[in-house]
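Next comes just one chain, in structure tokens: the form predicted alone.
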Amino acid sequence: MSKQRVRLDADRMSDEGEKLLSFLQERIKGQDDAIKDIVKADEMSRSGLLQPDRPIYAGLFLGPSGVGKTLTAEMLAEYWFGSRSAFTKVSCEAMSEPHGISSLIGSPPGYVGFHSPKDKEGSAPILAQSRIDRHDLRCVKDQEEIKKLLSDLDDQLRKLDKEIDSVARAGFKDPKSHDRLIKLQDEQDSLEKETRKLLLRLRDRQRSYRSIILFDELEKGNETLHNLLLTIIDKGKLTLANGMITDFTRSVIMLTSNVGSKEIASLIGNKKIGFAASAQAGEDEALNDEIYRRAKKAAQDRFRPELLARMDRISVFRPLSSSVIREIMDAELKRFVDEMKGLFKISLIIGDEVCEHILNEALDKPQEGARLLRRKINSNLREPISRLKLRNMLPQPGGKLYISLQDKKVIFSK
């Protein structure tokens, strides 16, 4: 009798994958497709099933401004490394001329800007291994400890070599030195074995590095930059001007572009589908489809087919609906309230009418996405509170600051 097979659920994410997905979805609203692709790539990376000669993930993010393209890199950096700024950002606008590439890979020998491997790390090109990996502090700390141990072992081996040489020379005159020589050679073998173990451990730590590199506004870069990206994504490695090789097989490569943004902004401004409370779901979906079509067409017109073909995913970030902007506002206000409690030890009591006022102002220009929302929070809350602070008018620590609305003006009281 044949044994019955057990069906396996291959669609369910791992616990770590679910945790990362939940973290990103809480902070990046309305862009689930792009987020899920990154989480899937992270799972393959942790399982060891990634292609050995490619980055962990290479994705092109298209869509209107202020919808979360750059925020995705920031949030992944916060999850992996504990800081929203723990990633390498390349402004492609600075690469509009061919000579701008020298800041990424260094200058050739003999030219100003050449970086020798012996120079200080801070002067290394942007895409040097030490620069892109510097945010993974856990691996950096481990490697520093291992390198220190290797240095100590190297010093011990050097002293041992001198002692062995001295004993070996004296062996012709002193027969008892033979036993001493054997003991020293055994000690040497033990130290060499320990060195090999540490070298293997160091190699493993180097392989466990992870990094995030964001190429912002790709359409502003020149063909030289695009050729460089072809090499990085296709081979997973890049040779710098000084001959050193940077390994990108443990990197997440994100590229953002605003190609087609004018057409998309015009489309959103004219139709305003997906932002009015009375908008129908079918109209909202029609707008998304049109934005997707225009963004993909603009990318195909601007970028070489071979570059687009090497992307793991081309994600078109959708415009933010009123419900999504409300979710973002709630999250931003909660973060702001927590910030005030941490800084000044006061509690903010924000009236519902204030929240509606900020939301309505943020929806005046939907093509600006969440950036307008953050500016409105700053102008209505952060700036007035900063003035109150400088005039010593905030409540005492432990007190409450009430925020209400009168005649479309935000009022503060205690």
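In case it trips you up, residue 1 is the first one in the sequence shown, and so on. Predicted model only: the values in this text are computed from it and were never measured.
Not pictured, yet referred to below: the form predicted together with a small molecule.
Screening N258, S321, S315, T246 for any heavy atom within 4.5 Å of the small molecule in the predicted bound form leaves a single hit, N258. Of the listed positions (R84, R180, H226, R326), a single one reaches within 4.5 angstroms of the small molecule by any non-hydrogen atom in the predicted bound form, namely R84. Residues with any non-hydrogen atom within 4.5 angstroms of the small molecule in the predicted bound form fall in just one of 247-255, 67-75, 288-296, 188-196: 67-75. In the predicted bound form, the small molecule lies within 4.5 Å of some heavy atom of E332. Heavy atoms of R371 reach within 4.5 Å of the small molecule in the predicted bound form, making it an interface residue. Contact annotation: R27 falls within 4.5 Å of the small molecule in the predicted bound form, judged by heavy atom distances.
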